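Just the one chain here, laid out as structure tokens, in the form predicted alone.
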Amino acid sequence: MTLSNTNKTPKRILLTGPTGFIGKRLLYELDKKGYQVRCLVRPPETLDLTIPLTREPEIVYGDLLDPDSLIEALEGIDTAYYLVHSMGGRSIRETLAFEEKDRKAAENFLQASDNAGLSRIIYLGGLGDISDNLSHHLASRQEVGRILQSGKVQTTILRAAVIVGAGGAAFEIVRYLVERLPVLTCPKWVYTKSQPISIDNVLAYLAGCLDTPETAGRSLDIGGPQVLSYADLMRMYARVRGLKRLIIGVPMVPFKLSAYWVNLITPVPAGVVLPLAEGLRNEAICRENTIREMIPLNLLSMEQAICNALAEESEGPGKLLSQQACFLPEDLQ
């Protein structure tokens, strides 16, 4: 039964990372479902909300590396979303120093959550297993998940690969490269297979976990209906935009060099590109689909996800007046 069909007091939700690509969107999703949300914001960040919410969110300032600042943030909270991770800094040097920070932040948050008596933590991690010789970034995401599941609080881990949505690093890389380059000479990692998922479906799964008790304490893979590579996404993007593009694979390009090359052509910093590129040395495909039975959704195709993202963009190449401006295959229209 959904929260809107009951007379119960809405659960108080703590949202970490509310200024990020996923966090800000999840805030609106939770507000739409009737939850009272408290946002943990690091000073001096501000929560810039362009569209009004039904319920004004409570803002608390704190830092996951400062355990004392988490006491007030977690007081009276039922469930917390953990959407904080060091995807990367502006530079590669900043990116390489993230693992210890992520580890300490997760340990601090778990201890504070246990002390506060939280019912649940919901964490968005990445696909892949340690046995796959993961990149440093993905291995750190796995470690954070293990830490959050090691305490008294029941922690749900949703494991995703590439998330496609306006403003997301993966989508912006594809958008700028395909829009600006008629011929794309790409490193071999663009051919690694993964199971991308639209941001809309990710938000639906994250919010749906609140109303689905059986997801508590579980690690669940989430992915879209297609197994694709970055090269496939580039070709799809070109088709949706009605562009002709040639993709040529170039072997033996170091990840760092790839990151700098992408940074030259796109606004995505090299420090963010590097962990994305390194993560693609392993396939990231769902190994189980249990969540599809727990939270049934209409999983969007990547063509539709790309079209949705383009219609949402307000600046940069490829922006559209409407979704109808996309060249979608007939069966997706």
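Position 1 is the first residue in the sequence shown; the rest follow in order. A quick note: this is a predicted structure, and the numbers were derived from the prediction, not measured.
A second form of this protein, the form predicted in complex with a small molecule, is not displayed here; the remarks below concern that form.
J.: 227 to 235, 180 to 188, 155 to 163, 247 to 255: which one contacts the small molecule in the predicted bound form at 4.5 Å, heavy atom to heavy atom?
T.: Of the options, only 155 to 163 has residues within 4.5 Å of the partner.
J.: Just checking whether Gly151 would be counted as a contact of the small molecule in the predicted bound form - the rule being heavy atoms within 4.5 angstroms.
T.: Gly151: no contact with the small molecule in the predicted bound form.
J.: Is there a non-hydrogen atom of Leu65 within 4.5 angstroms of a non-hydrogen atom of the small molecule in the predicted bound form?
T.: Although the small molecule is absent here, Leu65 would touch it in the predicted bound form, with heavy atoms inside 4.5 Å.
J.: Closest heavy atom of Gly208 to the small molecule in the predicted bound form, within 4.5 Å or not?
T.: No, Gly208 is distant from the partner.
J.: Is Leu83 one of the residues lying within 4.5 Å of the small molecule in the predicted bound form, judged by heavy atom distances?
T.: Yes, Leu83 is a contact residue.
J.: Sort through Glu58, Glu283, Glu288, Glu45 and report the residue having a heavy atom within 4.5 Å of the small molecule in the predicted bound form.
T.: For this set of options, the contacting one is Glu45.
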